[in-house]
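Quick setup: one chain, the form predicted alone, written in structure tokens, and binding and motion questions come after.
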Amino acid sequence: MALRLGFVGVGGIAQRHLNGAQAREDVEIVGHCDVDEARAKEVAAKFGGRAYTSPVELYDNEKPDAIVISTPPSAHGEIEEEACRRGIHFFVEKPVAVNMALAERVLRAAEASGVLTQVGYMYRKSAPIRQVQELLRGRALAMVQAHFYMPGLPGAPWYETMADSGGQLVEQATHMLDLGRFLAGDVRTVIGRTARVRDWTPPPGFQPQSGMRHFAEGFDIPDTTALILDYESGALGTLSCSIVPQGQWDVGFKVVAEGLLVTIDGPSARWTGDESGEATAAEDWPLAVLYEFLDCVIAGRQPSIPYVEGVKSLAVSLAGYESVARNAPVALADLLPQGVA
């Protein structure tokens, strides 16, 4: 019998997950929920299943075994909690929340229900990056250096407010912070600084453009952020990120370890030192994180990136903002839920 799979949030990144799930013969897509009813109906016509605007109706009418959640960050919470009450396993896109109180609430619900969970930190499932993890094992780690530069503001209308997105540090650069945790271990403390270096107010007569935006009403997030991270492994780390409009996307990641310098380019990697090499990710590498979840639900075993990992990576982002507020380093232990280390 095929796994009954539902989708909550069917815009943006959900399209990748929909296509990936449809390609599996052991998965039946049974329903789609979105606040945009027309979009839900359009997706249902293409991928099968019925359209809903209420997750509860989807859960009760279709009784899915599992769901894929791809909503804006601020929409998380009741979607996951209702799934837990019904014993529905869930895959959730990053970030898992915009604040730690909500993330803890969902974490406790998942723990109490015993549902299987997976967070969509896809870089952890890239074969070259997993190879790098093995190469780094047992070496003294010195520096984890990352940057995430975007050529403007993403098109999603919720991105420009802290309440809806959590800002770039929570919504986008979380990939870099999670990758640092995957390769160098957990973070002990964070020092953060933020800036807003340009005026994002639309000029008179401005007409919204497609693609990356250069202006937005109600803009209240930093457009530039820098972090210094102190890892429990002894390594230091830096992250710089910006959405100030410029020429192109530029995302980079390096690890300095005893005897090895690693450069990660998206899902691929190269290294030099006491050994040299490179590895290129397969074309379908982004599907691995979803496919592991589906395989684990079918087999009844826990996926490798459970919800608690999303909580821990969220805490690193939030520690950066809290450091700005306190004008002091922030220990991750101050933010993480009790019992999470």
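None of the values given here were measured: they were computed from a predicted structure. In case it trips you up, residue 1 is the first one in the sequence shown, and so on.
Just so it is clear, the following notes concern the form predicted in complex with a small molecule, a form of the same protein that is not shown.
Contact here is defined as any heavy atom lying within 4.5 Å of the small molecule in the model of the complex, and by that definition each of D36, A75 and G120 is a contact residue. Only one segment in the set 108 to 116, 228 to 236, 183 to 191, 150 to 158 has any non-hydrogen atom within 4.5 angstroms of the small molecule in the model of the complex, and it is 150 to 158.
Listed residues I79, L102, A216, L260 were compared with the small molecule in the model of the complex; I79 is the one with a heavy atom within 4.5 Å. Although the partner is absent here, G9 lies within 4.5 Å of the small molecule in the model of the complex, judged by heavy atoms. Proximity of R124 to the small molecule in the model of the complex falls outside the 4.5 Å heavy atom cutoff. Residue contact with the small molecule in the model of the complex: R16 places a heavy atom within 4.5 Å of it.
The shortest heavy atom separation between E93 and the small molecule in the model of the complex is within 4.5 Å.
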